[in-house]
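Let's start with one chain on its own, the form predicted alone, as structure tokens.
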């Protein structure tokens, strides 16, 4: 398989740069591997944890103070996410925020998963919030909480590239057949 030139983890190659990969399956795999720089970044994985406790910081440490997912991903009764997290970042206290701050559903945990496993999960409506592939791409491209990953404030490292580049990679991946890396 022809591999396009690598880029630093803080950047994303544009989707168009994968057009030289003639085989659609190989192109889809390469596109998804590039998009996975975002999916496996702390800005995403912190809110897609395997357990019931979110993580925080670039080191992906367990959330302090201790909080849990709760029945709907919005925290436990009496200590919901919005107890501390407002509609926007509160820079004075370095507390991140968004209009609908919450954890991803447990079925959408990415922590510890391979790129191939995340890819298969994103395509599976039983594990992706009952979304079509088009809806997954729309969510990744337009949801304000996803977009927050590129403007996290508080000295946090933003997700690689831009949200627009990430969305284009996912659209090109789907257009190439949405094939997943092995493993």
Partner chain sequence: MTFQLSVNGRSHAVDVDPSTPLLWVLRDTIGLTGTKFGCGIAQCGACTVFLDGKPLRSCALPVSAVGSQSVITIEGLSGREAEAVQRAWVARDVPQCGYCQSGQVMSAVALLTEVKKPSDRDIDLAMTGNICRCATYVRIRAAIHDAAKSLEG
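Numbering follows the first chain given and starts at 1. These figures come from a predicted structure and were not determined experimentally.
What comes next is about the form predicted together with the partner chain, which is not displayed.
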Among 26-34, 58-66, 145-153, 127-135, which stretch has residues with heavy atoms no more than 4.5 Å from the partner chain in the model of the complex? 58-66
In the model of the complex, does residue 107 have a heavy atom within 4.5 Å of the partner chain? no
Counting only non-hydrogen atoms and a 4.5 angstroms cut-off, does residue 77 reach the partner chain in the model of the complex? yes
Give a yes or no for residue 94: in the model of the complex, does one of its heavy atoms lie within 4.5 Å of a heavy atom belonging to the partner chain? yes
Would you please decide whether residue 113 lies within 4.5 angstroms of the partner chain in the model of the complex, comparing each non-hydrogen atom pair? no
